[in-house]
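Let's start with one chain on its own, the form predicted alone, as structure tokens.
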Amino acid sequence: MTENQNPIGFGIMGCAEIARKVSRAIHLAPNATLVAVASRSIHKAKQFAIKNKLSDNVKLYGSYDEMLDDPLVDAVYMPLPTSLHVKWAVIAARKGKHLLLEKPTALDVKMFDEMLKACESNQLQFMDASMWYHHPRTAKMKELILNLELFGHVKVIHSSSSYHGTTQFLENDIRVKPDLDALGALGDAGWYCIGAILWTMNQKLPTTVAALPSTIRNSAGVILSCNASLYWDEEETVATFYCSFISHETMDLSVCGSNGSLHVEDFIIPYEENCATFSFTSGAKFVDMHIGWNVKPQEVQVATQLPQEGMMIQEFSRLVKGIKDLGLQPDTKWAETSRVTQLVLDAVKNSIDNGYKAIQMYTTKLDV
């Protein structure tokens, strides 16, 4: 049976702007098909369909419940405001729908665990929609980082995710509204930074997390910009990140080991869909009299036939198909990746709210 036979049927729950990108990704993935779109009103669903030139075969619903009752919907992509995730994720899971959830996954790990329990109880695949994990460049970077001879032990990591929001964005976007996305820039942009740092450290939680006293909030108390540091005692590794709605666009990840270093400027969204690059240096030293370097960074190029969001849909659909057709168990890797990211995000928020105190990390709880 070829991959594109009996494709996984997707329903999109919510017509957020990011849903346009995922709708296209579902169309591009060979093992997925879009069967339904739901919004709070049928008018919004119809407008989404027109804007994205959807097939007449895609069903349009004016309520989320109606779509979740559709037997042709195997999986749901959910780009709703974070405050609504728990309610609708649990309902979707109880109705047997596999869940691709937009980040940040939840307002805190307790809510995350409620969603995850519902998925686990119903043998459903969970994944958050962080697309960059699925680009083949990401696997190539990890291959080099794990090469002890070329890279050595990871010592320093820095990541940043920022963009300068317009006046309209900073006043009206759901990401600056405390009742919709109360985590603000920490949840929206910081999720990527924390995820990249933990990816580098093989999803191992840091020993200590501390926000730096530079947090900027809007008048409603939502975070517009913040910094934090993470530390691993055993490895003697330190990481820092910066996330913001009020700075120029950045999507940086820098990793420095004892023997090598790696830098990528566009890790969240590659500059180009079909090819992505990063710089890698190993064994660099100053030459005589410190007038230059003995080696220059190597530019590594990695091509891909599908854009990274298409790769994400393809992988998610492959996992769902294994559960649905072959009786396989859900792959817990993705839930575990999301959960540790959520735990560290919670720790940063805790540190900010408690006067920038250092937070000692544990596997199941946070402690001030």
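Start at 1 and count along the sequence shown; that's the residue number. Remember, it's a predicted structure, so these values are computed and weren't measured experimentally.
This next part talks about the form predicted in complex with another copy of the chain, which is not shown.
Of the residues 144, 174, 170, 284, just one reaches another copy of the chain in the predicted bound form with a heavy atom at 4.5 Å or closer; this is 284.
Contact annotation: of the candidates 246, 180, 90, 205, the single residue with a non-hydrogen atom within 4.5 angstroms of another copy of the chain in the predicted bound form is 246.
Candidate site formed by 158, 242 and 270: every one of these residues places a non-hydrogen atom within 4.5 angstroms of another copy of the chain in the predicted bound form.
Just one listed stretch, out of 69 to 77, 108 to 116, 272 to 280, 91 to 99, contacts another copy of the chain in the predicted bound form at the 4.5 Å heavy atom level, and that stretch is 272 to 280. For the chain shown alone, residue 257 is a contact residue for another copy of the chain in the predicted bound form, at least one non-hydrogen atom being within 4.5 angstroms. Using a 4.5 Å cutoff between non-hydrogen atoms, residue 213 counts as a contact of another copy of the chain in the predicted bound form. The closest heavy atom approach of residue 198 to another copy of the chain in the predicted bound form falls outside 4.5 Å.
Another copy of the chain in the predicted bound form is not approached by residue 81, whose heavy atoms all lie more than 4.5 angstroms from it. Heavy atoms closer than or equal to 4.5 Å to another copy of the chain in the predicted bound form belong, across 215 to 243, to the residues 216, 227, 229, 231, 236, 238, 240, 242, ordered by sequence position.
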